[in-house]
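Next up: a single chain in structure tokens, the form predicted alone.
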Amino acid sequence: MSSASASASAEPPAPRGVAVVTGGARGIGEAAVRRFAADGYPVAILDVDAGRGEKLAAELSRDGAQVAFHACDVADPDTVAAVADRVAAEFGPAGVLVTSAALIPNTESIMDMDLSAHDRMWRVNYHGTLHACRSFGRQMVDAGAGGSIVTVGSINSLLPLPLPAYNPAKVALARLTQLLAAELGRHRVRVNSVAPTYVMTPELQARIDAGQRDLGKMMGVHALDTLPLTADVADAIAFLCSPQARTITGVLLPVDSGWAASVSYMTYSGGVPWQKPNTR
């Protein structure tokens, strides 16, 4: 084998630097924090929930991981930039960024929605992602060692749902991910997104119990009979940040139990074949 072909086939090392997770105190963000800590990364948790964030950092630090919590409202670009500087001073430049900070609404209509809540959701879900990608993406570029950014999108990125602030923001994140992938690729920084379906978290269970989510409707449009856990989404994020994904950038990876493949099929007006009499 020639030296050129050997070089082309060799896997690069995992990106060096701290793994930064916004919204890292709970849900998918917390699962990502746990996964990267287990993989040996120094991890910076960014969240507005200081109680949960500090507790998680203390727990993982007791287990031998390098984990620090930083209070951060990602909607404020100056705060994000200042926290990015503190993270770099403590751990060095970011090698991984996961943008999990988000607000999640209940069903509402465009005509009747609360516009102040709509604006706040955009400031957190879209602009907060943008602020984090700019501050920590610049660290990756300046360090010159490459890196990986994973934005947390949603099945909301693919089809309309009656969530008139959350839904368009997730669509915008999918396009933002592609734009960043094109812009940062020359610096060996890869930018991808995960698109979870409903993830079975305590918060989702509470909404189901309160009658705000219909579990039967949820399960009826998925190909698989189980919803992902936060750890399943974290596994997909870790893959996108790994050397095994070294040529993958600009993609939206569904972690959706087959929702995207089956939602139209399962809602066909003629029914599905195995629900008809005398069929298996």
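The model shown is predicted, which means the values in this text are computed figures rather than measured ones. Residues carry their position along the shown sequence, with the first being 1.
Keep in mind the form predicted in complex with a small molecule is missing from the figure; the text below concerns it.
Taking 4.5 angstroms as the cut-off for heavy atoms, does Ala165 touch the small molecule in the predicted bound form? Looking in the predicted bound form, residue contacts with the small molecule do not include Ala165, since no heavy atom lies within 4.5 Å.
Taking the small molecule as it sits in the predicted bound form, is Glu54 in contact with it (heavy atom to heavy atom, 4.5 Å or less)? Outside the cut-off, so no.
Asp119 within 4.5 Å of the small molecule in the predicted bound form, heavy atoms: Judged by the heavy-atom cut-off of 4.5 Å, Asp119 is well away from the small molecule in the predicted bound form.
4.5 Å heavy atom contact, Ile28 to the small molecule in the predicted bound form: The answer is yes: Ile28 has a heavy atom within 4.5 Å of the small molecule.
Of Ala169, Ala101, Val189, Leu180, the one that lies within 4.5 Å of the small molecule in the predicted bound form (heavy atoms): None of the others qualify; the residue that does is Ala101.
Only one of Val48, Ala236, Ala68, Leu60 has a non-hydrogen atom within 4.5 angstroms of the small molecule in the predicted bound form; which is it? Residue within 4.5 Å of the partner: Val48.
Please identify, from 84-92, 108-116, 149-157, 134-142, the stretch that has a heavy atom within 4.5 Å of the small molecule in the predicted bound form. It is 149-157 that comes within 4.5 Å of the partner.
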